[in-house]
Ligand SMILES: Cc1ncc(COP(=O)(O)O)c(C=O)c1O
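Taking the form predicted alone, here's one chain by itself in C-alpha cells.
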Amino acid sequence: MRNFKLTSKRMLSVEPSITLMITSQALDMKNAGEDVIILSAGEPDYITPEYIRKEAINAINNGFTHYTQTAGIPQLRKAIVQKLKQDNNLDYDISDIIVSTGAKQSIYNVVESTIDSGDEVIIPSPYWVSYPEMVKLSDGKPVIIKTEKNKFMLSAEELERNITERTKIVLINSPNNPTGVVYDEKTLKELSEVIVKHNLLCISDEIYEKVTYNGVKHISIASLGEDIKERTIVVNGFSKAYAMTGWRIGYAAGPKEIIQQCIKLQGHSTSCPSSIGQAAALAAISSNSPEVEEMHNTFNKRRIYLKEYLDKIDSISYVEPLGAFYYFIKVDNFYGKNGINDSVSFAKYLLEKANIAVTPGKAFGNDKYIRISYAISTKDIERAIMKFDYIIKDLSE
C-alpha cells in the first residue's frame, strides 16, 4: 500500500486562529448559561443599518439571487471607483476593482496572485492574525518586523533594513488591528519612498478607514504619488464601517495586471460574492447615513470611557488608539503570578476567574499584550471594568 500523509506540509505550517479559539470557548460558556462578557470579538455590536437591510430584502424579493460577474456587479464596482476618488483622491477604472467575499479574501487573492515559493512578505508586528498564515498558505515567507519601540508603526529605516533579494510585498494596516494606531502622512511618505526605490509591492489594508477619532484622518499610502499607487493594492470592505461583518463583502483596487489575476483565482475558488450582499453593499456605499455616524460616535465615547479607567492602572500601559475599536494593553507585569506566564494564560485566567474574554497578544505577534474590543455595549464595558478591576487588584497583591 502506498504511504502518504493525509494533509499537506503547507497546511501543517499554518497556525490555528487564537482569536477564534478564545471566542469559541467564551461562546461555549455563554451557551451553557454562564454570564460571559466578550471583549475579544472584532466586530461592531450594532446590527446593520436599516436602509442597508431594506435594500437586501428588496434584492431578494426582486429575484436578484443568481450568480453575478466574478469580479462583482458593475454598479458596485463603479460606486467603489467613485468612493475611492471622493474619499481617497485615487483614480481607478472599474477594471481595476474586484469585489470579494470579505476583505480577508481580497487580501488572500492578492497574496496568492503575486508571490512565488520563497518570496518574502514584510509584515509589521503587531499584525492581524491571518496575515502571516496567508503568506504561508501561498508558500511564501512572512518577515515580521517588531514596531513596539516606534509606537507600533513601521519606520522606513526598519523597512530598509529588512529588505532582501526575495522581498516582494510590504503589508500595511492603518488604522491598525490590534493597536488602533493610524499611520501619519510623514511616515507613509517615507515608507512609500523605500517601496518605490526597491520596486516592491504594497498591500494597504484599510478596512478600518472610517473608524477614526480626535479629528485624525485616514490617509491611503496609494494617494501619495503615482509611483506608489502603481505598486499598491488597496483593500477595504464594509464589515467594520457599516456593521456588515456577516455579509462578507470586501474589495481590492490596484494595478490591472494584478486584479485580473485575482479575478482568475476567485473564479476558481469562490466564484462571485453573494448577490444579495453586493446589493446591500451598494446601498451602504451610496449613502451618508446618520446611523453610521452615530455608531462611530458611540465607539468614541466608549473609547474615552475605557481610557479614563485604564489610565488609573499603573501596572499596565498602551498606545492610545486613534482608529479601529481596540485597546492593545501591555500586561506582562502580571506574568509569573497565579500560573500566568504569557498572554494566552492571562486570557484564560480572565475567562475562568472573571468570565471576561479577551484576545491574547500572541495572536498578533506580541506576547506581552492583550487586545480588548470596545465594540460592545457601554453596559457590558462597565461590567467588564468592575470584574477586571477585581482581577488586577488580586494580581497586584
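Numbers follow the displayed sequence, beginning with 1. Quick caveat, the model's predicted, so the values are computed rather than measured.
Below: the form predicted together with the ligand, not depicted.
Contact annotation: residue 177 falls within 4.5 Å of the ligand in the predicted bound form, judged by heavy atom distances. Mapping the unseen interface onto this chain, residue 191 falls outside it, with no heavy atom inside 4.5 Å of the ligand in the predicted bound form. The shortest heavy atom separation between residue 102 and the ligand in the predicted bound form is within 4.5 Å. Taking the partner from the other structure, the ligand in the predicted bound form has no heavy atom within 4.5 Å of any heavy atom of residue 97. Proximity to the ligand in the predicted bound form, defined as a heavy atom within 4.5 Å, singles out one entry of 213, 152, 131, 183, which is 131. Only one of the listed residues (111, 80, 281, 207) places a non-hydrogen atom within 4.5 angstroms of the ligand in the predicted bound form, and that residue is 207. Note that among 67 to 75, 252 to 260, 139 to 147, 236 to 244, the stretch whose heavy atoms approach the ligand to within 4.5 Å in the predicted bound form is 236 to 244. Remark: all three candidate residues (107, 173 and 248) come within 4.5 Å of the ligand in the predicted bound form, counting heavy atoms only.
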